[in-house]
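The chain that follows stands alone, in the form predicted on its own, written as structure tokens.
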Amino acid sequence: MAARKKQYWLFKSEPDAYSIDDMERDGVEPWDGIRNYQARNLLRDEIKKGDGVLFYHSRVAPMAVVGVCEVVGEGAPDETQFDPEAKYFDPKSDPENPRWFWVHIRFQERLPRPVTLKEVKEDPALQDMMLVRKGSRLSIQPVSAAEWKHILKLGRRKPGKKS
């Protein structure tokens, strides 16, 4: 059986809810509270241990990729769905047939410079990225290996340097 090829993802988070600072402080965290079926399916079926994650600050100026994480725990039922005291409680969820899933991710690095949405939109190498597609608001998105490498190159370059 052939080894699975590493995949890459972009996870969006509103920094006032959970920021790259929080992720760096916590080290490893479950990516909980996802209540969109398409994103849930990615968490449950596609995202695997060892995959790379671009941490993206959304709904803030400027929106940007700000860090890198790694998936360290594969899709499992999001425990908050069963807790009536939790923010993400879902009374229709059944422990025998869970509705919502999470993965655990580990902080790897904060990018030396954020890669802004404006920069992504203007970069010809990133024109096919799901992040810049009209109507694409999914909080978890696939990223190609080429897009991953390019974003990291941009985020790690010295300030003021063009390439």
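Keep in mind that this is a model prediction, so the values were computed, not measured. In this text, residue numbers run from 1 along the sequence as written.
The protein also exists as the form predicted in complex with the DNA; that form is not presented, and the subsequent description refers to it.
- Using a 4.5 Å cut-off to the DNA in the model of the complex, each of 92, 135 and 138 places a heavy atom inside that distance.
- At the 4.5 Å threshold, heavy atoms of residue 117 reach the DNA in the model of the complex.
- Shown alone here, residue 106 lies farther than 4.5 Å from the DNA in the model of the complex, counting heavy atoms only.
- At the 4.5 Å threshold, heavy atoms of residue 38 reach the DNA in the model of the complex.
- When contacts are judged by a 4.5 Å heavy atom cut-off, residue 113 does not count as touching the DNA in the model of the complex.
- Shown alone, this chain has one stretch from 92 to 100, 23 to 31, 42 to 50, 65 to 73 that lies within 4.5 Å of the DNA in the model of the complex by heavy atoms: 92 to 100.
- In the model of the complex, the residues of 58 to 75 lying within 4.5 Å of the DNA by at least one heavy atom are, in order, 58, 59, 63.
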